[in-house]
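Heads up, the chain below is alone and in the form predicted alone; it's given as structure tokens.
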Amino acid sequence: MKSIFQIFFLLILGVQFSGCNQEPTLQKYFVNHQNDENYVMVDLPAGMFLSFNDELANADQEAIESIKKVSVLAYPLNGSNTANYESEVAVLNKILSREKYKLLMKIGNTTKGMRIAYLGEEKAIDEVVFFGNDSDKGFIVARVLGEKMNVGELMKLVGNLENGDIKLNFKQFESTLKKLDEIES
């Protein structure tokens, strides 16, 4: 009886360990590089930069309210970190090519590119991911986290941002914007 219990225990333990997903995730990638001096990381709650406008359509208000946080991780090339650039881009490409990420758009070539993907269902998105890379400047990954975000509504929201129908308040994090602007330079 004792040996049956031991076998059963070992079987359960084996299932537990084999069931653990050891594949890299974007969240783990962010966590693993948040304190790395080669990276710049910024976490922004949506309320910090979106100011609500009473004249917005309800759909735009809902799209804004569905965004909870934006996390940005950038890897600006500075001469001393170019050796790792391609391997880091390969890791991110591998993560984003997994089946759970649904591709919205991909453009570019082997030296410059951009990819936008999402997690969740089209009308209930949990995360939108932007990944842009340039072999001369570096790369940037942005995660837009929310609850039940809608692709169509988010695209309309972007259009309204371009038209100036939505005000963005950047004063609260001007120093962060300066860091991101340095990455583009």
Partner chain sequence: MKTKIVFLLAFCLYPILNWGQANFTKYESMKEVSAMVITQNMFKLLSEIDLDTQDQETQAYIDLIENLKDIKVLTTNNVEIGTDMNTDFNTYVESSQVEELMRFKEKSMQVKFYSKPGSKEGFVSELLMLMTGQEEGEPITVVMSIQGDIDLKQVSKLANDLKVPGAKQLKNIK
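Values in this document were obtained by computation on a predicted structure and should not be read as measured data. Numbering follows the first chain given and starts at 1.
Below, we refer to the form predicted together with its partner chain, which is not included among the displayed structures.
None of 147-155, 62-70, 38-46, 24-32 except one has non-hydrogen atoms within 4.5 angstroms of its partner chain in the predicted bound form; the exception is 147-155. For Leu77, no non-hydrogen atom is located within 4.5 Å of its partner chain in the predicted bound form, even though that partner is not displayed. Contact annotation: Lys102 falls within 4.5 Å of its partner chain in the predicted bound form, judged by heavy atom distances.
In the predicted bound form, none of the heavy atoms of Arg98 sits within 4.5 Å of a heavy atom of its partner chain. Though the partner is left out of this view, Asp134 does not reach within 4.5 Å of its partner chain in the predicted bound form, counting heavy atoms only. For the stretch 92-116, the set of residues having any non-hydrogen atom within 4.5 angstroms of its partner chain in the predicted bound form comprises Lys102, Leu103, Leu104, Met105, Lys106, Ile107, Gly108, Asn109, Thr110, Thr111, in sequence order.
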